[in-house]
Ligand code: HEM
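Below you'll find only one chain, the form predicted alone, shown as structure tokens.
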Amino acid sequence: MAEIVRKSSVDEILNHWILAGSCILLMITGFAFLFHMEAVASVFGGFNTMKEVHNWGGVVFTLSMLYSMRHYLKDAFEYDADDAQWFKVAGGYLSHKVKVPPMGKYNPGQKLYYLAVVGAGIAIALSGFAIWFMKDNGTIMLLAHLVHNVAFCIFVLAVPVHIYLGTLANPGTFKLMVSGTLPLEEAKRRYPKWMKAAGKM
């Protein structure tokens, strides 16, 4: 029987799905608010109820995002020459003929995506709480709505790309996000530097 390697812990997997679920919920309700989509609001029982769902979903998203830092933040700030080369060949996504350099546990695209999520996530969370709790301050409300909408646009662009790369573009990745494990030989092929650091190469 093939040896199995655990790449993601159980709490990491669970938190990833909480973060993803709350993010998608916020995007749907955010769209509905932005374009006054009564059909979507009716699913939640009206705009007032949807507002409560959006606000408390934002609390869940914020807590989940902060918790995710213990799993990814350190790695997201670490880059080397192989990461630079990865960018030069676009990770091999544009052509299968290029040679992709060996990667660690996460490739630089994943690292930058995570940093974008954290940056936009902090901005959207702080502005969201300002909109929720500081309704009487016109200046803050104006600035908060601007920041909230800009951060929202970042998520609208980044999240679908992330979903595509985590499913159709990389067969087997979705299974990894569910079980957190993969065969040792596959881990050696996909994450050789991580396996070498773990003493399994």
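Only a predicted model underlies this, so the values are computations on that prediction, with no experimental measurement involved. When you see a residue number, it is the position in the sequence shown, counting from 1.
This protein has a second form, the form predicted in complex with protoporphyrin IX containing FE, left out of what is shown; the following refers to that one.
The stretch in contact with protoporphyrin IX containing FE in the model of the complex, judged by heavy atoms within 4.5 Å, is 22-30, chosen from 22-30, 170-178, 66-74, 38-46. Residue 131 is the only one of 89, 131, 118, 103 with a heavy atom lying within 4.5 Å of protoporphyrin IX containing FE in the model of the complex. When protoporphyrin IX containing FE is considered in the model of the complex, only one residue from 163, 34, 157, 142 comes within 4.5 Å through any heavy atom, namely 34. In the model of the complex, at least one heavy atom of residue 149 sits within 4.5 Å of a heavy atom of protoporphyrin IX containing FE.
In the model of the complex, the residues of 89-128 lying within 4.5 Å of protoporphyrin IX containing FE by at least one heavy atom are, in order, 124, 125, 128.
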